[in-house]
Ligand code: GDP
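Shown below, as structure tokens, is a lone chain in the form predicted alone; questions about how it binds or moves come after it.
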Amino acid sequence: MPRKYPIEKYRNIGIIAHIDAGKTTVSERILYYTGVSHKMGETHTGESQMDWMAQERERGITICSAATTCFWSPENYLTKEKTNEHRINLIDTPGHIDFTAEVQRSLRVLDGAVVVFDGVSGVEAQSETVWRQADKYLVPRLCFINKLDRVGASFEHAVSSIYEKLTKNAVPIQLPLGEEAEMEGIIDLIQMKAFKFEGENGNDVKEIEIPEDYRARAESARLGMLDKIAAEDEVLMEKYLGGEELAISDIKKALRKAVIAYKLVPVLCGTALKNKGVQLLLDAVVYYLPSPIDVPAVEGIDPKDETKVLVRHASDDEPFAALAFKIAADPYVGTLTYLRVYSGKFEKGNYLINTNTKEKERLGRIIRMHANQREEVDEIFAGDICATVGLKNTTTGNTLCDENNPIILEQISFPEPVINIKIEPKTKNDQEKMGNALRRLQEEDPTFRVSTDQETGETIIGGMGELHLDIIVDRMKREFGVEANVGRPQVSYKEAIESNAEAEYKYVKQSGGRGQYGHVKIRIEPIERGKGFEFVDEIKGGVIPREYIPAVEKGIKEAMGKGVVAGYNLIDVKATLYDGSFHEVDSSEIAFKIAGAQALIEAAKKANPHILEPIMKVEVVIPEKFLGDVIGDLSSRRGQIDQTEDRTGMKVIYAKVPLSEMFGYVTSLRSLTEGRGTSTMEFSSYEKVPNNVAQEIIEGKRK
């Protein structure tokens, strides 16, 4: 079956933003105007199509990224014709930082993004986070300044906050026609036309001349826009400097090229809730964001020779390669695996190889998703985003490809959990069900971890924040019927060393018959934060036989897992095995493993070990009269205030505060500010704990 839409008419895009900037409302309007849904879902009434989980509808936030497919012909709202139709694969992502994995894995597989901003607040804390994540994956993007109908909204303020905090390459290509309650349409600076959105749901788009009282402002803004666009294109620059009138098609072409090369970021505006500006945003997605063939070909490594780099171009004629970027438990069909197809084509019913696990997988059913509705398809092509049912051993970040042309695509890296809680089933009968539920949820969410406390045998779950773990426990109850008791949140502390140290350990055991003998000398040193563990083998002349060296490394790693100060994981250490000895008869792997573990413990004790705690980057938005109280409260929580700034009648405080001091902060902020303060936080770094606090942690752990 041939492909229905040529690959150059594909747009794989995501909608990303700070929590509450209106991402899901923008997505809902896109579905409505593209004809996928015939009713506008609203987040605040719990009827949004993209937020289909019960927890999302109750809380009015997005938790899971939802994928959908829709079709758009630019400017068809004026002509009412279905020509030049493009296929848009859209992913609506969460804004809450606890669900950062959903944003990261979506950006990894998308070709472009729409970043939504609140017209009152402009750039907020998590706007910066998602922007940096998009930078990491080099994703071309558009900005959409939403909610311009709200009291206090200002397009100028929002644009200047983008210039200051995100990028100097932003270029407004629209202006609002009026602001706050007077917002009645959009001025398009490329065509120098204005658009009004009339009819029940903004369906009737009227193209009008720019009103006189806006003309001077629009002309000045257009000159600024043309300066930036012409600077990115030599031919256009010559015409522009020569005073020639620039053709609209040439401006669009030059802007598209600059957007795809990450040199410019167009800024659009509107109000999704009041149905103004979304059709023009869809036009911009088609005109300026890349198709799969406009972005660099995907690279991977050869599984047989990991130094060899392989390339796959976005073409149906290349060998098939796809990345599994999300696993989801579906109540109707079982486990869904979402795939982004980078190259080749594939018919259902055939086999692919998972190059990460070396196992074959059969794709029996291929589904095109619309949020949680599905449509079965027989074949998938380069550029597609789809889901498949029933894969046995594929997890997030695995590559599925043609078995005769294997490749491993770059995996997705996720942050480590920063908060843990103990969990136990309410009844003995729930024990097995709980284990099953936790395993399924862990498969879905790479930032959710399950472990067992070796000393107490208790089950510990870890995640990115209190809300994250709340949702997990809620899902266990609703989706898996497991009632559980949870303990108080515990901070995920780590341990580290400050200086270099050496140690020697000889493990000798004689107990009749064959004995045990392992003797090692190691040197340890701290390495850069976040680098984890490095092992160096400097054994010369066979003083320890080759076959025992992996056992020494294994022993060192295991001992690091238990730490030396308070039993927390020891991180960022380089261990060098430089000497030792062995016994012809008595040496064994187990003896060298024990020797390695004990040597690490002794060396670490000499290397000024200390406890590290997660520090959170906190943003608090409050009315000015509460500023002193809130700063005082943050300081009492060992917080360091980085800066404060004004934001339309409110004060914004940026601070760094230890996570252990932030439990229950939302409640106390409400009582300090008469319920008017809001806060968001995200992980910043691990820092050394002050001695008096370290003592409390050690004693608490001993209890």
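Just count from 1 along the sequence shown to find any residue number. Quick caveat: nothing in here was measured; it's all calculated off a predicted structure.
There is another form of the same protein, the form predicted together with this ligand; it is not shown, and what comes next is about it.
*Asks:* State yes or no: in the model of the complex, is some non-hydrogen atom of residue 127 no more than 4.5 angstroms from a non-hydrogen atom of this ligand?
*Replies:* Outside the cut-off, so no.
*Asks:* Please run the contact check for residue 593 against this ligand in the model of the complex: heavy atoms, 4.5 angstroms, yes or no?
*Replies:* Residue-level check for residue 593: no, no contact with this ligand.
*Asks:* Report whether the minimum heavy atom distance between residue 13 and this ligand in the model of the complex is within 4.5 Å.
*Replies:* Flag for residue 13 set to no.
*Asks:* Evaluate residue 680 for contact with this ligand in the model of the complex, applying a 4.5 angstroms cut-off between non-hydrogen atoms, and reply yes or no.
*Replies:* Outside the cut-off, so no.
*Asks:* For the chain seen here without its partner, which of 635-643, 659-667, 672-680, 23-31 has a heavy atom within 4.5 Å of this ligand in the model of the complex?
*Replies:* Stretch 23-31 is the one.
*Asks:* By the heavy atom within 4.5 Å rule, which residue out of 572, 111, 188, 149 makes contact with this ligand in the model of the complex?
*Replies:* Looking at the other structure, the residue within range turns out to be 149.
*Asks:* Which one, 260, 601, 170, 273, lies within 4.5 Å of this ligand in the model of the complex by heavy atoms?
*Replies:* Answer to the contact question: 273.
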